[in-house]
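As structure tokens, one chain now follows by itself in the form predicted on its own.
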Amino acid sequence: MNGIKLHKKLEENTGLLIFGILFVSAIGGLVQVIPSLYDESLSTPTANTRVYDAVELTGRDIYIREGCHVCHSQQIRPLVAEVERYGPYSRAGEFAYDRPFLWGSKRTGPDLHRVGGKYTDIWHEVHLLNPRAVVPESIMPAYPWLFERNASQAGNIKKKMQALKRLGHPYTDDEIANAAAALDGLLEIDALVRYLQMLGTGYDESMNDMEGM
């Protein structure tokens, strides 16, 4: 009877009901989040994972600015259908230097996590200038302005790398000092293609052997 009275009291008191929902939801969230905070494997880079250089980092900023992550995810799930279509599923350590993460859940276009090295630089350039020239059924818009803007105008790369270093990214002082010079003479399309060509290259076959042990 006491349980029934308590339940009735919860239903009749909106504030108390909201508090109860939030309390129970918080417990469920903590049960999922807390263990991951102490699992070093989730934040330890894989053997082939490295920080983005100045050009790739600029390309990533352009990728985000143009909203590419809205239609393309970067997270191949460990499902047979996804692995057969996109390649080896994504490992947590491959994203150790991704700030922010671009995993996504909506795929208007294909997942891009293993696109690095899959196509040539020229293919990517044509695809971004006129998507239907290489993928006739594509609904992706063209990005002609990437071929007109200088990559150095995409943001202050030196300050960005300094900020990332404070967050733990292992940039050297020389890499930061020479960051702006690395963008000299490059267009935004050059930086974006460099970024795309790096996606998924942190993977190596030994990861399969380790997981099978």
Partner chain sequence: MSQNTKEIYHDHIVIRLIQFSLFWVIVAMAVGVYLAAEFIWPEIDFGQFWLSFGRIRPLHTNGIIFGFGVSALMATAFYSVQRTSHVPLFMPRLAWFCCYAWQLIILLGGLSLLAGWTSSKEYAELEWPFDIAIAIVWVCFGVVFFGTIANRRIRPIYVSNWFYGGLIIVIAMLHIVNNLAIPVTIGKSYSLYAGAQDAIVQWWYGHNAVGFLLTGGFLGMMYYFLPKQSGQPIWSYRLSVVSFWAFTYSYIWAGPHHLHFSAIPEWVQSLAMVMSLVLLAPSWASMINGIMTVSKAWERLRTDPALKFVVMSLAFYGLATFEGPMMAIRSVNVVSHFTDWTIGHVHSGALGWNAMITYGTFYYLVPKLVGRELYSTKMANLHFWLALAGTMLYVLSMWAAGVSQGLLWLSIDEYGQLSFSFREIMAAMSSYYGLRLIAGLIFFAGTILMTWNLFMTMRGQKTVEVTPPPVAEKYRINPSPKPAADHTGTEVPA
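Numbering follows the first chain given and starts at 1. Not measured: the values here are computed from a predicted model. The term rigid core refers to the most C-alpha atoms you can superpose between the two forms while keeping them within 1.5 Å.
There is another form of the same protein, the form predicted together with its partner chain; it is not shown, and what comes next is about it.
Could you tell me if I139 has a non-hydrogen atom within 4.5 Å of its partner chain in the predicted complex? Close contact exists here: in the predicted complex, I139 approaches its partner chain to within 4.5 Å, heavy atoms only.
With the cut-off set at 4.5 Å between non-hydrogen atoms, does W145 touch its partner chain in the predicted complex? Taking the distances in the predicted complex, the answer for W145 is yes, it comes within 4.5 Å of its partner chain.
Even though the partner isn't displayed, in the predicted complex is T120 close enough to its partner chain, meaning a heavy atom within 4.5 Å? T120 lies outside the contact set for its partner chain.
Indicate whether its partner chain has at least one heavy atom within 4.5 Å of a heavy atom of A179 in the predicted complex. Outside the cut-off, so no.
Can you name the residues of 56-71 that have a non-hydrogen atom within 4.5 angstroms of its partner chain in the predicted complex? The stretch touches the partner through L57, D61, I64, R65, E66, G67, H69, V70, C71.
Taking the rigid core as the frame, does M198 move its C-alpha by 2 Å or more between the shown form and the other one? It does not reach a 2 Å shift.
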